[in-house]
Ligand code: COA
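Next comes just one chain, in structure tokens: the form predicted alone.
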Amino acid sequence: MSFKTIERQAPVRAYRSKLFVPGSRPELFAKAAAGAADVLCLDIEDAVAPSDKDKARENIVAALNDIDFGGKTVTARINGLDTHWCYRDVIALVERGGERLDAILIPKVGCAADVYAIDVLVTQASQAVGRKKRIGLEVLIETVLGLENIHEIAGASRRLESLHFGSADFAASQRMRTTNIGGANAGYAVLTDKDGDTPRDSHWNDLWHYPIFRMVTACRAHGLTPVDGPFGDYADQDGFRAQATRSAILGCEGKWAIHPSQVALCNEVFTPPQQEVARARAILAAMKDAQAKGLGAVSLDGVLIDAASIRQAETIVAQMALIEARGS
């Protein structure tokens, strides 16, 4: 191991599903609070029309003071730093939103200074009203500039808790030839060799693998939580499940739900399968027994396990413990 250690600075939360609720639809707040999502995001940005921004902000402030969100993590997505709504969003949430808000999601972050700017506002506003609860920051990586500067962004503030990937705005920023919000594209494929199969097979590739892989790497290097973003076709449950599963395997701890029907899918995919949990617990038990006997590695069901196996197993068991605590 390196002499430099990675400390998880972010609070450890269950983050399988993050349901977005437009701030302009206050009639949905209580229903979302009573639902199955681990995290709620009250949105003042893309889900709200420009003419409704001010009213949506007031709706969210009122909800933070009046609605019982139970044990959920509650966040709010503010407007971007390049808008005149941004500072008003931050000040209203921090100074008038009571003590219930857990974190603020910053959209379209391009550099570390963007995070620093919001941190300054949150810190000063918190001091002004004597807030007791620390408000965290979440960053939405959805531009090529943000992806290029992702490691600097991930280390920009001690308030940072998580990074999220937004495929639609990222596609626009990179000028990708796709209108999908997440999901596959038939044109992003390769054919098998011309002298091989007849007809030749077409193998689709994942447009989003590289940015999500980079995001997860940056999160793990800075002790943050990686979260996959939206999947636009909420009628395509199989497509959603496939994209969420590959994100989970890459290391993401959760995914956005832009429709209530996607919450159960998120919770399903990002809950470790029971056989994986049972295997992880068996590994920890076997290694504990091996260490008591002075052994560094043993065989479990014909497969070698060692110290690296312990670290893998501990990750799965800890994740399951978080989910079980959330359920209780």
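Numbering starts at 1 and follows the sequence shown. This one's a predicted model, so the numbers in the text were calculated from it and none came from an experiment.
If you look for the form predicted together with the named molecule, you will not find it shown, but the lines that follow are about it.
Novice: I'd like to know if residue 272 sits close to the named molecule in the model of the complex, meaning any non-hydrogen atom pair within 4.5 angstroms.
Specialist: It does not: once the named molecule is placed as it appears in the model of the complex, residue 272 has no heavy atom within 4.5 Å of it.
Novice: When the contact criterion is heavy atoms within 4.5 Å, does residue 32 count as touching the named molecule in the model of the complex?
Specialist: Because a heavy atom of residue 32 falls inside 4.5 Å of the named molecule in the model of the complex, the answer is yes.
Novice: Within a 4.5 Å heavy atom cut-off, is residue 77 in contact with the named molecule in the model of the complex?
Specialist: Although the named molecule is absent here, residue 77 would touch it in the model of the complex, with heavy atoms inside 4.5 Å.
Novice: Tell me, yes or no, whether residue 230 is in contact with the named molecule in the model of the complex, where a contact means a heavy atom of each within 4.5 Å.
Specialist: Answer yes; at least one heavy atom of residue 230 falls within 4.5 Å of the named molecule in the model of the complex.
Novice: Would all three of 19, 25 and 256 be in contact with the named molecule in the model of the complex, where contact means some heavy atom lies within 4.5 Å?
Specialist: Yes, because 19, 25 and 256 each have a heavy atom that approaches the named molecule to within 4.5 Å in the model of the complex.
Novice: By the heavy atom within 4.5 Å rule, which residue out of 300, 47, 277, 284 makes contact with the named molecule in the model of the complex?
Specialist: None of the other options qualify; the answer is 47.
Novice: Looking at 284 to 292, 53 to 61, 66 to 74, 259 to 267, which stretch has residues with any non-hydrogen atom within 4.5 Å of the named molecule in the model of the complex?
Specialist: Heavy-atom contact with the partner occurs in 259 to 267.
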